[in-house]
Each structure stands twice: as structure tokens, then as C-alpha cells.
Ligand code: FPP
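A single chain, nothing else alongside it, follows as C-alpha cells in the form predicted on its own.
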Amino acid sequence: MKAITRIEQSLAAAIALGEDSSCPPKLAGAIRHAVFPGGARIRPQLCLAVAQACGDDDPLLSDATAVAIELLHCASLVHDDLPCFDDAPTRRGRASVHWAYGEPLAVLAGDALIVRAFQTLALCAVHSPLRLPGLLQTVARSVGTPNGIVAGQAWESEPRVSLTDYQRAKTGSLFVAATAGGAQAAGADPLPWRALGEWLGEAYQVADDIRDVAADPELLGKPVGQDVALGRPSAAIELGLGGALEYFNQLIANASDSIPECRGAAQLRLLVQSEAERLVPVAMAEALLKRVAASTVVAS
């Protein structure tokens, strides 16, 4: 079975567990709106790819880990779009949850997804219960304080922040959970896999910064120009587009080089490269570099 099929089936099963006639229908609808249809599902794909590279001897647990991470990601997007943060009207090319269902249900849907993520992990550790404590720690650390996505969001309320600290917390932490968690779900040592998550997570945030400045909102599926409008840290603002592109390429190279030697190493490198092309296509990068060169000539 393809990884994306495993992910979608497992997500559907996890969401269905929280639905019956006693659940408020609008809340159930808001939760589904937040999860389906999904984006690239890169975090759960990465989790399953690492689990596969490490033997994947408990597919039920690796599926649950991938699903938990994706549900937490979806929850973070729901909360990130709220009026108190980005006030974004769209997400993934359609209305954000708070625009479609209202702010109260969006808050509750995000909360419910966080709870469902940990319930999913707990329910699926029946064959490898001794792996559960470590997995819970890895996943919980990626969303809480001091360095999880909650902390990453909170940095936006501080007067000063290191760009790297901000990116590693807000975006990188869930990528680390995906790589380390995938290894743990398969009974392997997570430490050699953390670097892959760290490099790829930072690359993903840099790409997001680049696209926030340069991409078409219809292609991106969400508003652009948010970093400037909201005064958020951004690699594209701090380094310029040319510098951000160079940094992105270096991060992707570091991510690829950090993959431990294993039977799935080649497949993982292909995943990293395909994701890099999806995030910042070569044609986009070339067009941006031409724009930078042209603006430099005009300025001189």
C-alpha cells in the first residue's frame, strides 16, 4: 500500500473514532474541514519513510505516530489562522475553519484535534507498549514548551527573536517529531534521525518565507504578504530573496546529507529532493533570481 493511502485511511479512522450521534454536528464538521482534504502530508510521509527505513515492524504504531503528527499540524493551522493571529480567510485554497464555522468552533476544533492526536497514539501501542512513553515525549515536546510549535507561535509576541530559534520551534519541531517518532515507532534509536527533521523543518519554513513574498496566493492556497504585514521574522526579509534561496538550497543539501546509511536512504533522499522542488520549483527560483538581479541594476 502506498504511504499516502495509509495516511489518508488512518486519518479517516482516527477522525471517525470521535464522531457519533452524541457529538455536536457543527464541531464534527469543523474538525473534518480542518483535516480533509489535506495538503502534501509531508510530515506523516516522512514519518512512515523513516519507520520503513528502520524496519517498520509495528505498522499500526507507525501509522498512529504519522497520524498524530498530522493532526497536530492541522490543529496548529486552525489556530494560526484565527483572528488573534493571522486572521487568514483561506487555507489550502478554501475557507479557513474560522471563516467557515466561526471563531468559537475553530478554537474547539483545534483543541479536539490535539486531544485526538494523543488518543490515537495511546490506542495503537498495543503491540509495542514499551515504545509509547518515548513516543509521547517526542510528540509532546514538539508541540509544547520550551521549543515546540506553541513556543514558536509565542515568539511572535516577543519584541526580539532569533530567526533560527523561531523557525526551529514553529515549523522544525514537528519535522523532528516525524523523523525521530518514525524511528521510535519502529523500535530504532531516534537520535540519528533528529538532524534530518531539524534541517528539513528549517528548510520548509524558509521556503514558506520565500513564497510569502513571491508566490501567487491562488497557487499557494492562502494569503501572501503576511510576514511583512504582521511584522513576523522571515528569512526572505532578513536575508533578501537571493540570500533566502541560497540558504534554502543549503538546508536541503544538509537534510539529504544527514540521512543515516540504511536500506531506505536512497528513497528518503528522493523524498527530500521532490519536496524541495515542490516547495520552491526551479522555475520559480530562476524567476526570483532574475527579479533580484533586475532590482539590483535599477538600484545602482
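These figures come from a predicted structure and were not determined experimentally. In this text, residue numbers run from 1 along the sequence as written.
Another form exists, predicted together with this ligand; not displayed. Remarks below refer to it.
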Among Gln137, Gln153, Gln119, Thr164, just one has a heavy atom within 4.5 Å of this ligand in the predicted complex, namely Gln153
Arg232, heavy atom within 4.5 angstroms of this ligand in the predicted complex:
yes
Margin query: Taking this ligand as it sits in the predicted complex, is His98 in contact with it (heavy atom to heavy atom, 4.5 Å or less)?
Written below: no
- prompt: Taking 4.5 angstroms as the cut-off for heavy atoms, does Ile114 touch this ligand in the predicted complex?
  reply: yes
Does at least one non-hydrogen atom of Asp80 fall within 4.5 angstroms of this ligand in the predicted complex?
-> yes
The stretch from 189-197, 176-184, 123-131, 145-153 that lies within 4.5 Å of this ligand in the predicted complex, judged by heavy atoms, is 145-153
Contacts from 161-194 to this ligand in the predicted complex (any heavy atom within 4.5 Å), listed N to C, are Lys170, Thr171
